[in-house]
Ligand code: NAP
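Only one chain is given next, in structure tokens, and it is the form predicted on its own.
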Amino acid sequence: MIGNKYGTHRVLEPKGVLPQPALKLNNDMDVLYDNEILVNVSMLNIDAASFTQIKNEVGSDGEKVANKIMEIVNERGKMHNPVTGSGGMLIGKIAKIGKALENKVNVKVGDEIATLVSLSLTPLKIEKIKKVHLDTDQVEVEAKAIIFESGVYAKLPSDMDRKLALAVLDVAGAPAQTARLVNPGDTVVIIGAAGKSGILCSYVAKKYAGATGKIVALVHSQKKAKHLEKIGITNVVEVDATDAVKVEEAVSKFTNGKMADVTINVVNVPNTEMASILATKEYGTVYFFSMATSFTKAALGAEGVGKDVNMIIGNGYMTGHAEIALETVRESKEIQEIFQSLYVN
């Protein structure tokens, strides 16, 4: 019994679409297609934009957040936030490998893995939510999930705490893409720099921009700026990223009016598109990693202010991104300590 490699055989509504944009998936875990992998799930890492939206809707209450997550999964057969359109990722152990994949995959039953595809396209059935970690977007569960033939995943590293690895792999695309975009001497603006993806991107940007480059980190609160200072980021600005004009003024001040060669947006709230665009010089690059981004607002907004910038959708996948993100943490004791305090202790 072979299903479509992209998982369209699991789509219930509407027919003819891929699993991510689908409104409802078949999450029957008693039926495993020969080109699927069954996972016993222990932890969900909800996408930051999605988790923030849920907390804003129901309040910062673990039980209410858990109920909302169960409501979404029961309705959709996957963790696909109907407001943000995003999901997150998971960790768990391989429970069963379909016959058609047994000799094609680099995992075996019992291996602990992290999925590197969104929960918004992953069939998921939650039996129990054990605990919601409100500060880290992580949710301990008893659940099962399906990985399609085209799915991407990584074995959890043996030299790293699983919660730490989960936090890093959740945003693996961001530091990897930053390494690709930043060149020596660049001025780089990181919007939302105090979060986990922001810290990783700031570190990588500093590394690749080199001694002649400049990193400007924009944060919502100076309380978290201490993490950035630990990794050598000294240009830290507290500013509301939804106020595009104030962001433009702040970046102009730190760059003597030259603005950013590369702007990286990793915030978890909406309406920061224009701040990213105005922070960037003509012909510069804006990388929207945030799933709170409205690409309509970005495209029409840039047009409206007459700004010629290259805008890149934050593809969470890049060849080798998991290894790049994990290696970034391994090479920086400071990031290890920061993430250990935030996601493990």
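One rule holds for the numbers: they count along the sequence shown, beginning at 1. A quick note: this is a predicted structure, and the numbers were derived from the prediction, not measured.
The discussion below concerns the form predicted in complex with the ligand, not included here.
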Do N106 and the ligand come within 4.5 Å of each other in the predicted complex, heavy atoms counted?
-> no
Applying a 4.5 Å heavy atom distance criterion, does S221 contact the ligand in the predicted complex?
-> yes
Does D170 reach the ligand in the predicted complex, with heavy atoms at most 4.5 Å apart?
-> yes
Would G192 count as a contact of the ligand in the predicted complex, using a 4.5 angstroms cut-off between non-hydrogen atoms?
-> yes
Residue among T234, T242, S252, S150 with a heavy atom within 4.5 Å of the ligand in the predicted complex = T242
Of these, S197, T115, T187, T178, which has a heavy atom no more than 4.5 Å from the ligand in the predicted complex?
-> S197
Using a 4.5 Å heavy atom cut-off, which stretch among 209-217, 170-178, 139-147, 90-98 contacts the ligand in the predicted complex?
-> 170-178
Out of 56-84, which residues reach within 4.5 Å of the ligand in the predicted complex, heavy atoms considered?
-> none
